[in-house]
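Two forms of the same protein chain are encoded below as structure tokens; each is given separately, as structure 1 and structure 2.
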Structure 1
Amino acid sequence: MTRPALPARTPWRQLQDRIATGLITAAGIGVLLAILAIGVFLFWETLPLLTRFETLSLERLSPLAWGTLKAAIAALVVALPLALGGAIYSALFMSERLRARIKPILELMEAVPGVVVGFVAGLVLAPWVERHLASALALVVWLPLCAVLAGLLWHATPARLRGWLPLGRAGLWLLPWMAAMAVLALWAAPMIEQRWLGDDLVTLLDRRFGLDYTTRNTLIVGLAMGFAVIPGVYSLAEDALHDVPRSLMEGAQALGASRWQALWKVALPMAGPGIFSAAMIGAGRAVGETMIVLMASSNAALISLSPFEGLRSFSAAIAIELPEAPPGGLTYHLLILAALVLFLFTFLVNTLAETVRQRLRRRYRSGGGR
């Protein structure tokens, strides 16, 4: 009699299999339920607010809502141009070898903990900007001009020399150029400030326009949170642009379009949804970020348009006030309502972005036809 090499399906093995499958299913569904519980809990804890609706609540929440919105807008104003510009360049113009190195580095930016960014923004950048407001604002205008200036100079140099500094690696060799230009601007700006304005810009703002200047203000929050939002937006937008079928770009260029025209007329419309979803995810991140807003803003609940005044966002208010709020009180429920708003907003925004991205992926797979 020969026995089979493998034991037959004994009842014990069958039972084991049943039990394991059951356990995995239970654990899987349990985890998914636990995740669902977050939403349910937040809803449940805000219900008491319906029975004791007071006008006070709206008064307390509206500065926070405004602060959240203002911080997010400031961050996006900083992050979107930088991230999208970077994505366009590295997806379409950068050499492949350099791209393989630079992209992971920029994505690592996302890993820098918020508390570190917040500390540098709040205790290093903010006092510096307060003392050198004119220089800081000058840098914002001057550095993009420098990039363009580098381009002008590059086109003016003979083609033989251009080979040393190819456009495909410009992202890297512009770095020392920008650093040198930044140093130049920092050296020249105080003199120009004295010559043209005759006084410190901060004092001038106060005297001429009655604008208060807070050390930790919206400008700082925008810069710091922009730094945190750039990598996420860049990475997604770059993926979308890089995945545009090569044949389409090459076709456009064969028909006489320049690279920039091909980008504008072919790649951007194709990758548009992907870029949109990247921006959405950036917005979600900016709305919910806590430590950066907490450390880089003055945390004063104000409603003002001035970029030189502080703000207080939902997330910062939760982090500061919730540990002290007695459970069951009005503040407790209000703060949970704030958390619910954050949860719903980011969840909706991310779902929208994810759906758009999946549709885009299907479109790419089908070769680009609509």
Structure 2
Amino acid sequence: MTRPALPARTPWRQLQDRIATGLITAAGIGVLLAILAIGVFLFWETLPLLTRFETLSLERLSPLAWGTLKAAIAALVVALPLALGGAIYSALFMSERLRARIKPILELMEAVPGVVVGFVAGLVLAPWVERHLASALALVVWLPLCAVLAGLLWHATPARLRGWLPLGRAGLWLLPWMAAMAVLALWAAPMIEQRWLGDDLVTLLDRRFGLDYTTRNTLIVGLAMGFAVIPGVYSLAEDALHDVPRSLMEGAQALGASRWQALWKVALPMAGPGIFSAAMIGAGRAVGETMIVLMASSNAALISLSPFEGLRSFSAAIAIELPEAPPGGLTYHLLILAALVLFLFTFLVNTLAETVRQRLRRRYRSGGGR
């Protein structure tokens, strides 16, 4: 049987293909040159400061570096468990019909501007947490325990009753349970605070432990920035998990593995490169976030481990001080150095994420991963 001859491309079609290829190549090279130009400009502007190597300059930047790291860690502590848990559930347990509706809604959260999240966190969330600190901490600790308790109760339920509570539609019965537990925590926390502690938690922290509570603090930054980081991490991790072939999961279960064992031994190792990239990109987003940190923190340059005190990050300091810094002065060069540190950190994180992702993908494709 002879293969049908492909239609010959006309000269005009060849010209169109060459023009399109040239434009795409030029755009790619232009992006790379723009990134390189930004790095060269930042390095050139900080060169006078780097040649002098003033110890005072490093001392002034150390609180900003600590604040940036502290805000990023707080955001990742909030975002990674929720984003990865949601990605695992929607990719491996949720029905395809429900996933097709839920996933776009969660991804639309990324379209919410950071200034809106920071505005709500600074003017609504921060005053409420200050007035009800015990209730807020109770929700942070109690709700994860309630989720674990719901899973244990589901496993203890007889098999014939589990059919009425399928994992594919766990939201239909888990959300009312979590809402009821949240109401219980909000009702019980003030009573416990007054009867057991005998005073307001904010006042007690100040008197007994010497911890100052700032209205806009690291806890508020972590909650607000975690909300902003969740959609990006969730989307990338969910795509990586959903791309794991169903035949591998079914084969593991056919060999005697439970669904949980198939998840840990098959799905997560296969999707490991994508999950690692999602976490690294989330870290880069948290480090470079400006408006949420600017509006949800007190912008105090402190070096402290307390989550109830404020902070100031590199990006917030640049946004606040750069318009008033005279060009060529010490403050100007310090802010440009902070921008260079952010640029290098983001570049290195993205490069590391891509390198590890490619290496892990090659290892698992060649059968080296167990």
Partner chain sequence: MKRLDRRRWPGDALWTWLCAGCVALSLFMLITLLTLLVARGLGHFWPAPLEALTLHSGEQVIGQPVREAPLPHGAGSERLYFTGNRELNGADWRWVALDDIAAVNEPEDAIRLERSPWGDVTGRLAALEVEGERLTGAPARARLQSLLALPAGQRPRGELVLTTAQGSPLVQPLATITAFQAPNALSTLEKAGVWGQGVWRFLSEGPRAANTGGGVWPAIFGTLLMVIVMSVIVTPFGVLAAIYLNEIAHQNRLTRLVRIGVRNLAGVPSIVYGVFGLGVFVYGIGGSIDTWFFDEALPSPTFGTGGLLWASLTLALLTLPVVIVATEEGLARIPDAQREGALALGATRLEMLTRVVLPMATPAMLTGVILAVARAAGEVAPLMLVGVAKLAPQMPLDGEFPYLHLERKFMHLGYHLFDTAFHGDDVEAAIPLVYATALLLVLIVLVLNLTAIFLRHHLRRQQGGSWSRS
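Only the largest set of C-alpha atoms that superpose within 1.5 Å between the two forms is called the rigid core. Since this is a predicted model, take the numbers as computed values, not measurements. The first residue in the sequence of structure 1 is number 1, and each one after it adds one.
Only structure 2 comes from the form predicted on its own. With the core held fixed between the two structures, Trp177 has its Cα displaced by at least 2 Å. Once both forms are fitted on their core, the CA shift for Ile303 between the two structures remains under 2 Å. After superposition on the rigid core, displacement of the C-alpha of Ile320 between the two structures stays below 2 Å. For Leu33, the Cα shift between the two structures is 3.0 Å when the rigid core is held fixed in the overlay. On rigid-core superposition between the two structures, the C-alpha of Arg18 is found to move 10.5 angstrom.
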